[in-house]
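Read the single chain below, which is given as structure tokens and is the form predicted alone.
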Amino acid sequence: MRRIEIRNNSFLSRVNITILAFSLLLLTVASVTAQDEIDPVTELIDSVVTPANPAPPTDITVKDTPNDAGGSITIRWALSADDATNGISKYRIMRQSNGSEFTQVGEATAGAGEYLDGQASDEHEFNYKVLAISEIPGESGETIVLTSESVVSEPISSSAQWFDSRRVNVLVVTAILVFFILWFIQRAKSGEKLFIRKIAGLEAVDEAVGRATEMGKKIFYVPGINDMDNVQTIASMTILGRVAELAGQYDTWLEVPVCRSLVMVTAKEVVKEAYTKVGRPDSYHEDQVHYLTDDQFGYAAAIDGMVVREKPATIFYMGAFFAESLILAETGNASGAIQIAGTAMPAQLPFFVTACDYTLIGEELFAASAYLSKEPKLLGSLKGQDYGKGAILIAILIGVLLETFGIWELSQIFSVIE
């Protein structure tokens, strides 16, 4: 019995040893596997603790900004490889002059590959480099700033350009207008009769002056409330000359109340010259043109008082008017006078159209000088401007059609030229 028990114990010992060895083998394999699984996590932790710098910008190019007056350089670069993954916070542009230290001249947001340095001097050459900035929050709440820089650019200097290629369209339009104006002036000088459409308000000037002559009443001429630096006042003086000629010829009293001293001096000379032109210099009186006040509504009130008391047969409103236009026109209409108005102020046109018998709208006021004088240079200029505007309108319509039907090759050609 003892031998059998010993054998059994020996057998159990071998089994236990085998199990122990197998267990040690499993533990070794498990430890190796666990080590392999932990290593990537360890590496990730290490990478967070010690982050790498972002990829630098590449392909930096610099050039003098075109179509400017100098003092400007354009810097372009290829974005950092980390820009697409939101790893870049911004780009910092650094500049160096004559071997000095690099200094910051500006910043560009992430995703931007261009910067305009508008503080360059035409007398110096500059080198540029671009820094990619990455800002990462640290474990303690601080911000970790990581940078990488591009290569240094070639030296460059800025200069002013003589010609702005972006304004080629203005040059073309100007050339077209000048051509038509000169062409029609030459035709007018050669004796050709140029057709100018009739302007009702100017055609009625003779009728209005004749009505005042028949009634034996005054003519009031109001040249607006602006000074002689306004083109509408200048156009008004031209029409005043024609009205004064008719008034002098018919020996009708013409009264010109003004609200600017320079306009008063000019109007006196215009009226005096008109009376002399028709051979009636003795009919001119200095008090025909007189000053009232510079105040806008004081001027309107004074004219209204004169209209109510003297009840003129004809009133002309020619020039720049503002809020007083309706006050003047309504008072004149109530007095029964025939009224002819002209202005280029869009907000006042409805009042004149409503209360006056005739109204010169916008450019009709400026065309009055050519229309009344029939002078070849003025007629040719007026006709040439009309044709030039027609050519511009046709060009706009062609452009709209090309864009509407998707024919955009022309725009590509112009972009290449620029």
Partner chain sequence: MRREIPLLITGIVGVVFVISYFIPHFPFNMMDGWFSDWFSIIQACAIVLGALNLLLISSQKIIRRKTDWGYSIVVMATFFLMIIAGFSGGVEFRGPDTTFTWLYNFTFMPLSSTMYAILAFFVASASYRAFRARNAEATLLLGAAFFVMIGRVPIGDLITGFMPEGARLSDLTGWIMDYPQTAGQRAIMIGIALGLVSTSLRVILGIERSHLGGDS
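Every value quoted in this text rests on a predicted model; they were computed, and no experiment measured them. Numbering follows the first chain given and starts at 1. Whichever C-alpha set is largest while still superposing within 1.5 Å between the two forms counts as the rigid core.
Another form exists, predicted in complex with the partner chain; not displayed. Remarks below refer to it.
Partner contacts here mean any heavy atom within 4.5 Å of the partner chain in the predicted bound form, and among 140-148, 196-204, 126-134, 156-164 they occur only in 156-164. Taking the partner from elsewhere, residue 333 is found to have a heavy atom lying within 4.5 Å of the partner chain in the predicted bound form.
Though the partner is left out of this view, residue 266 does reach within 4.5 Å of the partner chain in the predicted bound form, counting heavy atoms only.
Within this chain, residue 229 lines the site of the partner chain in the predicted bound form, having a heavy atom no more than 4.5 Å away. With a 4.5 Å cutoff on heavy atoms, residue 251 does not count as touching the partner chain in the predicted bound form; it lies far away. Residue-level contacts in the predicted bound form: of 282, 192, 214, 295, one residue has a heavy atom within 4.5 Å of the partner chain, and it is 295. Screening 270, 209, 188, 338 for any heavy atom within 4.5 Å of the partner chain in the predicted bound form leaves a single hit, 270. Taken together, the three residues 52, 81 and 152 lack any non-hydrogen atom within 4.5 angstroms of the partner chain in the predicted bound form. Contacts between 270-295 and the partner chain, taken as any heavy atom within 4.5 Å in the predicted bound form, involve 270, 273, 277, 287, 289, 290, 291, 292, 295. Core-superposed comparison between this form and the one not shown: the C-alpha position of residue 363 differs by less than 2 Å. Positional change of residue 276 between this form and the one not shown stays under 2 Å at the C-alpha, relative to the superposed core. Relative to the superposed rigid core, residue 297 undergoes a CA displacement smaller than 2 Å between this form and the one not shown.
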